[in-house]
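The data below hold one chain only, encoded as structure tokens and taken in the form predicted on its own.
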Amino acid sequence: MKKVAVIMGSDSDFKVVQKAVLKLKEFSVPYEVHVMSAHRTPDAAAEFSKNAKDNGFGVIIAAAGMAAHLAGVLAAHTTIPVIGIPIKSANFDGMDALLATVMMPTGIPVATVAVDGAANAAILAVQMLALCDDELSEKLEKMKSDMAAGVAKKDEDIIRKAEEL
């Protein structure tokens, strides 16, 4: 099975990114976690991305706040999918990171999830890997089924509560 790289621009992003790591563990998807900066370590980020495919990675998740160029820098140096997680910052409530992550030039796509949407980034990575992995596909189907059952249970509970008023 291909690995997922989880790259963050700063170790302070880990409080958000850990949700992606936990979701990857839930699906038993191998992963590596690294800190690399598009601005402070651009050569390391480019080198990692250039070699990601040869090193067994199938997807890269890139989390960054503020200028949030990390996902784009990584995507510029690879052909494997890159998923960006814009990280909320104190200055612009994450809007700066969202726009920097989503506004990519033609030919350098970055799939982008919600601000601080690390769990969805991991699920999207699993969906990408599941295109060629029936076991992962079955796990995703079970997750969706479990979610639907959870909503149905909540519906039953709320109907009962409303009737008891």
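For clarity, every value in this text was computed on a predicted model and none was experimentally measured. Numbers for residues come from their place in the sequence shown, where the first is 1.
Not on display, but discussed next: the form predicted in complex with a small molecule.
**Prompt:** Do heavy atoms from each of 58, 78 and 81 fall within 4.5 Å of the small molecule in the predicted complex?
**Reply:** No: no residue has a heavy atom within 4.5 Å of the partner.
**Request:** Work out which of the listed stretches, 41-49, 61-69, 98-106, 25-33, brings a heavy atom within 4.5 angstroms of the small molecule in the predicted complex.
**Result:** Going by heavy atoms within 4.5 Å, the stretch is 61-69.
**Asked** So, in the predicted complex, is residue 10 in contact with the small molecule at a 4.5 angstroms heavy atom limit?
**Response** So residue 10 counts as contacting the small molecule.
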